[in-house]
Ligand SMILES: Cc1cc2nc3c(=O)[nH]c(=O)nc-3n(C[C@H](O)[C@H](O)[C@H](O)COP(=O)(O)OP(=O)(O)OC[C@H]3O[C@@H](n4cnc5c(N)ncnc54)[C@H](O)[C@@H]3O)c2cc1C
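Here you get one chain, nothing else, as structure tokens; it is the form predicted alone.
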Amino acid sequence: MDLDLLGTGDAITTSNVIIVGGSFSGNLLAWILATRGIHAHVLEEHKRVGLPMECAGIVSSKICKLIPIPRKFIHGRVSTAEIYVPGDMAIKVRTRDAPVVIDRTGLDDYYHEMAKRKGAVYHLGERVNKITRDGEYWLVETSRGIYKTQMLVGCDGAKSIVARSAGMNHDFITGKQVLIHVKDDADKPCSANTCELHFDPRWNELFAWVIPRGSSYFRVGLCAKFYVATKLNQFFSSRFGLTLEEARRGDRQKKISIDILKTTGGLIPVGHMHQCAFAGMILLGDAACQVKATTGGGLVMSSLAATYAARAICKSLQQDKYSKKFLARHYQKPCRRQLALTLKMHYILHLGLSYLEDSDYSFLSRFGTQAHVRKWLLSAADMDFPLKFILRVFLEPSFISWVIRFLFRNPFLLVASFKTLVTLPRSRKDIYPTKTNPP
């Protein structure tokens, strides 16, 4: 049921479970709970689930094994990644995984509809303004009414109001992308099964990308801390030979004919999973920083965590236990056991990325083009769980030598990595100031 036109006024609506955020993780959890007879109320500030789209849409094929995804939401598969570094050097990487390019808006709405059919209640266009603790209950004040629950779930993104009400704050970067249509087949930037990743010190918080969506449509974007729109324009111009404004005007004097169909963007939390269970409250997805800091992706991690969240909520309702200790045992501990080390490794790699210089990119490019390294990439590379590949690479003497030189130049990164592995800081600000150009 969607309650997008009805308000509750000053009345208090009571529910066993309230999910804040009709995101992918919120909809997935609502569906899992509904299949088990628990009909959550889902509060979503936007009037349509899945919009605005804030995802590049490329996910490892593991997602197809974790949750059912109808074929109509899969635009294609990517078998090759072309990685570009400064100096126009490129590494072509093939993996066994063959990540899928998905329709995130359609997938989010699909689970929204699935959850509704099973009995979940959606309140669309309803913004959460305040969350307070009232004895054993949480009171959630929205733009249309007040809700009361003993089990509150935060699935409301990087700037989660639920997380903030529990004292959690995440650092974040901003992603921005455009969906383009390339009209001339001869000018296609890449094939339908190849994506491009562009690393550059100008956007050293992550990378820029060109991801195919079919044969003629591509998502072009990047992530950065500051000046995201300016940097995206710089990348687009260097990659396609015309600025975003020229593409929007339909400048026919350029060699390539591009239509810009849509511009989207959003916030991506940067860090790794810290505390995600509190008294009568759990955090899931971006709100819990269950996101890979190397790519900004979190669907696989969120899908795994949603399963643990559903189990914990069911046990909590059955046993009428909502304490922090109970939820930590049944939700936070299983999440940490399966996800914590992986998310920490992604975060450590992210920290190092910010300090790569041209000489580092040059070495990594040469290293990555070696035949035996390519073989490792094909057999062991995993965009979600990279530990196996990292351990194999560290057996290579030349790579160890480069790491020693890199850490000698940046000794604080060794301290930061150690702290990340043995502690759970809430954001990268707790470790060291980010190396970015302030506004």
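All figures in this text were calculated on a predicted structure; none of them were measured in a lab. Quick note: we count residues from 1 along the sequence shown, nothing fancier.
Keep in mind that the form predicted together with this ligand is missing from the display, and what follows is about it.
At a distance threshold of 4.5 angstroms between non-hydrogen atoms, A381 is out of contact with this ligand in the model of the complex. In the model of the complex, this ligand lies within 4.5 Å of some heavy atom of E45. Within this chain, I58 lines the site of this ligand in the model of the complex, having a heavy atom no more than 4.5 Å away.
When this ligand is considered in the model of the complex, G296 lines it closely, a heavy atom lying within 4.5 Å.
Between 123 to 131, 75 to 83, 313 to 321, 354 to 362, the stretch whose residues reach within 4.5 angstroms of this ligand in the model of the complex through a non-hydrogen atom is 123 to 131. With respect to this ligand in the model of the complex, the three residues S23, G26 and W209 uniformly fall within 4.5 angstroms at the level of their nearest heavy atom. Put simply, of G241, P201, P334, G266 only one has a heavy atom within 4.5 Å of this ligand in the model of the complex, and it is G266. Put simply, of H330, K225, R213, R104 only one has a heavy atom within 4.5 Å of this ligand in the model of the complex, and it is R104.
Shown here without this ligand, the chain has V128, C155, D156, G157 in 128 to 157 lying with a heavy atom within 4.5 Å of that partner in the model of the complex.
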